[in-house]
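A single chain, nothing else alongside it, follows as structure tokens in the form predicted alone.
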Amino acid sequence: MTLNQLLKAAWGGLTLIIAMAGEATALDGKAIFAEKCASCHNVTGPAPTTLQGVLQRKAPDLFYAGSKFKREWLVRWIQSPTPIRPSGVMFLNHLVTKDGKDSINKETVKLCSSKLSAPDAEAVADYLTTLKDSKMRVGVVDRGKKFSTSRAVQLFTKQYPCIGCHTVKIRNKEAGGVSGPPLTDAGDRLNPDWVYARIENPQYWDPKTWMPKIDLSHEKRETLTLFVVSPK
């Protein structure tokens, strides 16, 4: 066997080892997820189609996690889970009324108990990023595009009801409702194309979401998306 043939054979063997290692990592991540996380998260879909199903949801659906989340954020969060929704996965389960005023009973909001090691978090994140919706358009949002912050704030707070459910940071102050997830760190957590798709059709992934579907132009939808994912 010539030197060239030996090098080719060695390279082929190395490529196979790398491929097998990558596959093993993905399988390990899936197995770790099944053991530590699957009892709460839905990774097979579809989302609940009844109010009872929504009320029984223990944690966010993840069957499109690879389209929704940024891998870097997943790795960090899985190692140190912190509440994203201060009102829980479904705010109605934690709503209390006293003296005619509604509030969230924080004592009933359960925290994620699956705090994973760094290697396990990497493996699980790798697995979750494979769970993508092939029908979601990518490259729709120009992340580098300049936009008017004042116009975005007007759309978010005045023209449309976004601020009624979502907390954002405006002029270094946080404002907004708590029935939906806060968006103060959405740029670290969410993929812009997913935010755009969510605004376009909230019921696509979650038929019973209370987020309204509003007919918007591409320009308005992109402006809202850039506002949501931009550092505040």
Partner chain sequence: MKRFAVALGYIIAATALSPASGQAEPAEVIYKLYCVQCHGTAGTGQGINQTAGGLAVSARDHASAVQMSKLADDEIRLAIAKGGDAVQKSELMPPWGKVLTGKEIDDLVVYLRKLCQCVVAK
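Just so it is clear, the model here is predicted, and its values are computed rather than measured. Positions refer to the first chain, counted from 1.
The same protein has a further form, the form predicted in complex with the partner chain, not shown here; the description that follows concerns it.
- Stretch 201-209 is the answer when you ask which of 201-209, 65-73, 183-191, 33-41 has residues with heavy atoms within 4.5 Å of the partner chain in the model of the complex.
- The contact with the partner chain in the model of the complex, taken as any heavy atom within 4.5 Å, belongs to Ile104 out of Cys112, Val141, Ala121, Ile104.
- For the options Gln159, Ser148, Thr130, Gln79, the residue carrying a heavy atom within 4.5 angstroms of the partner chain in the model of the complex is Gln159.
- With a 4.5 Å cutoff on heavy atoms, Leu51 counts as touching the partner chain in the model of the complex.
- Of the heavy atoms in Gly177, some are within 4.5 Å of the partner chain in the model of the complex.
- Using a 4.5 Å cutoff between non-hydrogen atoms, Met90 counts as a contact of the partner chain in the model of the complex.
- Put simply, Cys165 is close to the partner chain in the model of the complex: some heavy atom of it is within 4.5 Å.
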